[in-house]
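Have a look below at one chain only, the form predicted on its own, in structure tokens format.
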């Protein structure tokens, strides 16, 4: 990796350990579906998905888009793949031909599928609206879509799903349980009319950890697979219930120093002259900026790790560059390794710490790392 200037490392051991922990939590009868959308939450779809597929042949995979699903097929993954997002009506035939399961919540999508000639059965998962008000249909809409599916021999209503609105944002179980009750009422109504979706799934990482009753037939394993907690509230909710669960972050993000320079006291650093040195200062110029996913809000706020020490960012983060103060770190030289996210020596910069500096969540930190940066499994 000495030839790389910016790269992401994926810890194989940590990733597979997280998978095993969730397998134990869910039990052998529950399907685990790693969600590998958005470039596997920034970890690298092409690197993560084959690794998981080889480790557990019983897995399903969840993606957002048709192109992600087709990419999995191109990578040789033959396991069930569920598309969680909308597929353009004009591309539904591609999804059917690749044997991709579809999440449906528009009658137009089902009617378009009725017109497609397919060699096999197209398996559908009906998204139910229970209080998040994103994708999904209410009871009346669910009954209409289920009736359409039932008239088509090559369409199968394989499953139903919903998504919780605030299971990660509170320690109160009140709203999640009200959503679960709404979900069950719709399922009961569908079954009363002869529809039998066998794969019901409501649990994301947080729900699977905190509410065992949400695990049903399938668990959508998102942020937790990558060793990141959905939220502090999830950790507190688990602690309140007297449960322990370990997660190992799988991602490290690294770069290298491309210049070391000394500047006099009173010198301005970077665009806008937002930082001025108060002493003779040694700067390390780093080839990473907001294009690479290192947020501009980290300007004059964050620190990176160099030779096991914390080095504060000075001046504004640029499009492809930023500057770190290494005055108090002896021996710094050209092309030294720099940790933007991860561990070096006894120090650690977490996704949660970066998120706090930016004013966002760990999900955004990792998914915004530029997908063109190499992902290396270590």
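Numbering follows the first chain given and starts at 1. Here the structure is a predicted model, which is why all the values come from computation and not from measurement.
Beyond what is shown, the protein has a form predicted in complex with a small molecule; the following relates to that form.
Asks: Tell me the stretch among 89-97, 190-198, 204-212, 281-289 that has any heavy atom within 4.5 angstroms of the small molecule in the predicted complex.
Replies: Answer to the contact question: 204-212.
Asks: Can we say 250, 303 and 309 each have a non-hydrogen atom within 4.5 Å of the small molecule in the predicted complex?
Replies: No, the whole trio is out of contact, none within 4.5 Å by any heavy atom.
Asks: Can you tell me if residue 321 lies within 4.5 angstroms of the small molecule in the predicted complex, counting non-hydrogen atoms only?
Replies: So residue 321 does not count as contacting the small molecule.
Asks: With heavy atoms only and a cut-off of 4.5 Å, decide whether residue 134 touches the small molecule in the predicted complex.
Replies: Contact check for residue 134: yes, within 4.5 Å of the small molecule in the predicted complex.
Asks: Is residue 35 near the small molecule? Define near as a heavy atom within 4.5 Å, in the predicted complex.
Replies: Yes.
Asks: Using a 4.5 angstroms cut-off on non-hydrogen atoms, would residue 221 count as touching the small molecule in the predicted complex?
Replies: Residue-level check for residue 221: yes, a contact with the small molecule.
Asks: What is the one choice in 256, 101, 71, 163 with a heavy atom within 4.5 Å of the small molecule in the predicted complex?
Replies: Result of the distance check: 163.
Asks: State the residue from 168, 158, 129, 295 whose non-hydrogen atoms include one within 4.5 Å of the small molecule in the predicted complex.
Replies: That would be 168.
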